[in-house]
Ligand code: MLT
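Heads up, the chain below is alone and in the form predicted on its own; it's given as structure tokens.
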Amino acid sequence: MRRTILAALTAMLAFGGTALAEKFPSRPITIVVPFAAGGPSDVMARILAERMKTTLGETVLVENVTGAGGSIGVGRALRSPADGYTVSFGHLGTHVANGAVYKLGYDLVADLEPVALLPSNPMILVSKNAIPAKSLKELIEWIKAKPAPATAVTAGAGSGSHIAGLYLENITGAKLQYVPYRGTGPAMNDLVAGQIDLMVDQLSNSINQVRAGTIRGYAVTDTKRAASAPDIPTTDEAGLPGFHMTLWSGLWVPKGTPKDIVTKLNAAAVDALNDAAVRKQLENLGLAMPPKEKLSPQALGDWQKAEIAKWWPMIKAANVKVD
């Protein structure tokens, strides 16, 4: 009789444990954005978080953890329990370039589990209005003619804006002096104020300022004009062929997170991207939706590895290092 009761209790506990494990989420989820509030990454994360809570049935919070080109925020998320309740938001800079720039103490591939590829942002070359150049060709000529290097905003060493600046230097032979900020949101304030010369920025971060006339936009780094900025030429049209760069974003969780939890988070992200209202918000920011076949966790993992193979050689050749 005693054995029967013990067996029944054991079965109940096992069943209860399984039920608890399957009940995800049962409390709020936090998306860690490794940049300052108000910047393009923060805006995208908050739009997605608001819709993801509908699918998940729990609140999805956004936490901004800044510093070191986003590596502090990624580290904060990565070292959290592998239970799906802390999600790492990042992009080309934080989840690719930083591995070639910083001594991270973690591996961007081995220590993270991909969840979903998110919308991408072409970059745009912008400057303060005081610069006399009215076209991209004139801007490059102005940079090359300056006795001292033009100052260029970045969101930190290895950030997307920094990589784009290095890419611009490689293609044109121009030299820039980089001024790092904790995010392109606060950096934009100084560009508008005329304290910095230029920036190769995410289109979603700069387009409203360009429309308002507070800064000047020269060209987008894509093969086609952006729907949100049809009057701005591509770099090919503006006389800098081949200068193409897209700042894609994604979601990751710590390695070891159960596969079924990754699947639920992926479904919530995909549902958000398929929501008409969300798509309109993101497209109005100049963001391009990823194709359906690229929305799986595996697709993000493969894309991240391919981007590491593409960008690390250039970053290392430029000897960009931060301890």
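Residue indices: 1-based, along the sequence shown. Computed from a predicted structure; not experimentally measured.
What comes next is about the form predicted in complex with D-malate, which is not displayed.
Engineer: Whether Thr235 contacts D-malate in the predicted bound form should be assessed with a 4.5 Å heavy atom distance threshold; does it?
Structural biologist: So Thr235 does not count as contacting D-malate.
Engineer: Would you please decide whether Ser127 lies within 4.5 angstroms of D-malate in the predicted bound form, comparing each non-hydrogen atom pair?
Structural biologist: Ser127: no contact with D-malate in the predicted bound form.
Engineer: Heavy atom to heavy atom, is Val220 within 4.5 Å of D-malate in the predicted bound form?
Structural biologist: Output for Val220 is no: heavy atoms all beyond 4.5 Å of D-malate.
Engineer: According to a 4.5 angstroms non-hydrogen atom cut-off, is Val115 in contact with D-malate in the predicted bound form?
Structural biologist: Taking the distances in the predicted bound form, the answer for Val115 is no, it never comes within 4.5 Å of D-malate.
Engineer: Sort through Gly39, Pro290, Pro297, Gly286 and report the residue having a heavy atom within 4.5 Å of D-malate in the predicted bound form.
Structural biologist: Result of the distance check: Gly39.
Engineer: Exactly one residue in Ala155, Leu251, Val74, Leu191 has a non-hydrogen atom within 4.5 Å of D-malate in the predicted bound form; which is it?
Structural biologist: That would be Ala155.
Engineer: Just one of 210 to 218, 101 to 109, 160 to 168, 144 to 152 has heavy atoms within 4.5 Å of D-malate in the predicted bound form; which?
Structural biologist: Heavy-atom contact with the partner occurs in 160 to 168.
Engineer: Given a 4.5 Å distance limit between heavy atoms, list every residue of 176 to 205 close to D-malate in the predicted bound form, or none if there are none.
Structural biologist: Going through 176 to 205 in order - heavy atoms within 4.5 Å of D-malate in the predicted bound form - the hits are Gly183, Thr184, Gly185, Gln202.
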